[in-house]
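The chain below stands alone and is given as structure tokens, in the form predicted on its own.
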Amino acid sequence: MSFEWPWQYNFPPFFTLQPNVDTRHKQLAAWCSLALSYCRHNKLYTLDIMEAQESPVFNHKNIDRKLSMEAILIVFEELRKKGNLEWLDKNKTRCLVMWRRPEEWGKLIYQWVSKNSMVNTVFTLYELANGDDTESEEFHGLEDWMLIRSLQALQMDGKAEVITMDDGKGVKFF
């Protein structure tokens, strides 16, 4: 399935930050939505700022428009404020993108566990994110850092416990 670009993406002024405060606010909201949708569609969890500038999201070659590095950083800062992005370094060159927050992933995982009557069952992190039983689930293939955060959110709610096993980490659901 191919990614569906929003109408603004083909509108050249979209690639220039607008000076009017109201317009800029709507524009940044559209950019945030686009970036998260693109990452979700492509299951991207980590972005490099230099690579992002050349990616199709911020570089529309068909209309010869590219969002500036400054504007990309502004979009990323908006995403950070909303809790959808976390910088991996002080220089802001790499970031984690959370198109779903850990609590949302935790809820999806717990719904699957409950639906399949697997409460009081122990899983390895690998089984949960990459096992045959979860292949059709949206959380299948979830990167370890996000999986652990999601399980920690469930642990805070008393629905799971992250445990250390001989061959790594696991989780028990309650």
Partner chain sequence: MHRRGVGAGAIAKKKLTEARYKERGTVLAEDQIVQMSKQLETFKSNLEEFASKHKQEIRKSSQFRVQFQEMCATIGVDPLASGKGFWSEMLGVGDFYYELGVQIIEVCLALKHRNGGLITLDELHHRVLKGRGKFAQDVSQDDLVRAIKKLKVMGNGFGMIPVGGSYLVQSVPAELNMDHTVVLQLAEKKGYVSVSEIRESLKWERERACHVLDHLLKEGLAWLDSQASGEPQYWLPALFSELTSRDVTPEEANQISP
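Positions refer to the first chain, counted from 1. As the structure is a computational prediction, the values presented were derived from the model and not from experiment.
We do not show the form predicted together with the partner chain, though everything after this point is about it.
(message) Using a 4.5 Å heavy atom cut-off, which residue among Glu51, Glu70, Asp144, Asp64 comes into contact with the partner chain in the predicted bound form?
(response) Result of the distance check: Asp64.
(message) Looking at Thr46, Asn116, Ser33, Asn42 here, can you tell me which has any non-hydrogen atom within 4.5 angstroms of the partner chain in the predicted bound form?
(response) None of the others qualify; the residue that does is Ser33.
(request) Indicate whether the partner chain has at least one heavy atom within 4.5 Å of a heavy atom of Thr164 in the predicted bound form. (result) Taking the distances in the predicted bound form, the answer for Thr164 is no, it never comes within 4.5 Å of the partner chain.
(request) Answer for Gln155 alone: is it within 4.5 Å of the partner chain in the predicted bound form, judged on heavy atom distances? (result) Because no heavy atom of Gln155 falls inside 4.5 Å of the partner chain in the predicted bound form, the answer is no.
(request) May I ask you to state whether Trp7 is within 4.5 Å of the partner chain in the predicted bound form, using heavy atom distances? (result) Residue-level check for Trp7: yes, a contact with the partner chain.
(request) Would you please decide whether Val122 lies within 4.5 angstroms of the partner chain in the predicted bound form, comparing each non-hydrogen atom pair? (result) It does not: once the partner chain is placed as it appears in the predicted bound form, Val122 has no heavy atom within 4.5 Å of it.
(message) Only counting heavy atoms and a 4.5 Å limit, does any residue of 15-29 reach the partner chain in the predicted bound form, and if so which ones?
(response) Contacting residues: Phe15, Thr16, Gln18, Pro19, Asn20, Thr23, Lys26, Gln27, Ala29.
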